[in-house]
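A single chain, nothing else alongside it, follows as structure tokens in the form predicted alone.
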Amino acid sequence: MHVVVIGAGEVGTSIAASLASDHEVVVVDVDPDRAEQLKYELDVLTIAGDGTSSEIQSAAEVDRADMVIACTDDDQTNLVACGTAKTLGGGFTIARVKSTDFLRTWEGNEGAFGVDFMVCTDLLTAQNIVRVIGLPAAVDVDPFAGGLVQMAEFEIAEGSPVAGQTVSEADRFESLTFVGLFRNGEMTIPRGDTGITVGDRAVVIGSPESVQSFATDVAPETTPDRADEIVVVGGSEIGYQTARLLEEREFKPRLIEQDPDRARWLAENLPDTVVMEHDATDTEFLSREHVDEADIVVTALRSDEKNLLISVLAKRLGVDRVIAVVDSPDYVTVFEEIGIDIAINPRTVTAEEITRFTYESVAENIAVLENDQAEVLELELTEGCGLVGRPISEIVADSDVRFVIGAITRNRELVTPRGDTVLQAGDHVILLVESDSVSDIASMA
């Protein structure tokens, strides 16, 4: 494919890096120094200039592009860039936006703004937060096969019942498969006798019920239910969307917002949320409102520094689990190293979603793990492909690719994979594979 990426920030760079090895990628950025730098970092053509300009887009050969991805930090720039691209060619256009207003307009008017697929950063981030809240100790959760299957990544904490056990001892659930184990940043494909230690990140695939049961096993004292106390700090769009999605799941969160006008608007639009108008950095207020007794605190202010301060305060006050929105990717490691349970970077979430979409030609669904070390794919098997009609053990033995099949759905029914399971045409197979081997495994389906 000829792909034009407009914007060489974190999102654009991540997308270009993912696509560069298999596609002809052109990156456009208004900053000539950044464009020049990226040319050497990645094997891509770069053009310095305004990505909304028809002259610049013509130089990038948008007229023959299969896909144009506008992912600058500015919503209007991305929408205009997509509109311009549509006038110059017929390529598929993807726009990144933060505003849910633009998303709603686009959803109600197919093809609005010249955009074929729109990714809303704030909504995606809130959806990620709420999915993670639903599973104790989970740091990442993604649905597959229309929700019949879940992939979840768990951090094994001190005191977890599975710490010190082998994978076979920890896997006590019929429809659950351990597919990966990350230790010190390195991935291992686990065997039954592989030991699980504190600090490991374990990736499992199975039915939502079995994943929930495993989550309860991993962290029995932090399993959330609707009676749990959840506090959202910050009434930003991410904070609002998080509270709204929690309400949909019948939680009754509390939300702290300092700005009186915004607090009033939030109170009017979140009927099942208690909105408190106050400065969340006031420790006396936090104690007075018993925030220290909350089960989960989500910090969603617009400032990384304030989110860091409140996250540390919340942990010091004794909050069980703190989830922080971190705008700068450089700060994510800082948050995690000082003990904040989960740091979610909206740009990373957006880049993964767009990359996931661009991969749909090879997979039905995809999740990227641990800085693109491994990916979880959902493949629909076609008649006569290299995987059909053979037992899994034989496929694994004959393949040079390292992968683990975590679940199969057949006629909308979940099939737990075993070595003697024979794959059939039409099966949806959810598997973990090293990122470098995605094309190899996809070509077998």
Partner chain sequence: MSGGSRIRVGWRASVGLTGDVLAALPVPLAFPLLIAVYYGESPVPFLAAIAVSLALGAAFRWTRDPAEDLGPREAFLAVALIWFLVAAVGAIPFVVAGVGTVANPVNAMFESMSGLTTTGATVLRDFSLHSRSVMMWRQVIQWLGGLGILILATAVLSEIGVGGAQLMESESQTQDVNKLTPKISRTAQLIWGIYFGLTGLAIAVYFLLGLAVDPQMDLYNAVAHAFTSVATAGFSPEPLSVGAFHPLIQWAVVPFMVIGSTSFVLIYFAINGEPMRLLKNEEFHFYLGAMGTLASVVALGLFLDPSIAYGPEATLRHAVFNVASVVTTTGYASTDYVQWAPAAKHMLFMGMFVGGMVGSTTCSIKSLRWLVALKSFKRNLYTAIHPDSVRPVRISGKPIDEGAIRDIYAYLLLSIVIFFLLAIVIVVDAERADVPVTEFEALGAAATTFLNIGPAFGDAGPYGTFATFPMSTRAVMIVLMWIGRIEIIPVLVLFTKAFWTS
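Positions refer to the first chain, counted from 1. A quick note: this is a predicted structure, and the numbers were derived from the prediction, not measured.
If you look for the form predicted together with the partner chain, you will not find it shown, but the lines that follow are about it.
Not one of L19, H23 and P32 places a heavy atom within 4.5 Å of the partner chain in the predicted complex.
Although the partner is absent from this view, N269 contacts the partner chain in the predicted complex, with a non-hydrogen atom inside 4.5 angstroms. Within 4.5 Å of any heavy atom of the partner chain in the predicted complex lies no heavy atom of D304. In the predicted complex, at least one heavy atom of A263 sits within 4.5 Å of the partner chain. Contact check for F357: no non-hydrogen atom falls within 4.5 Å of the partner chain in the predicted complex. The chain is drawn here without the partner chain; in the predicted complex, the stretch among 304 to 312, 273 to 281, 347 to 355, 83 to 91 whose residues come within 4.5 Å of it by any heavy atom is 273 to 281. A heavy atom within 4.5 Å of the partner chain in the predicted complex is found for one listed residue only; from D116, E289, D341, D320, this is E289.
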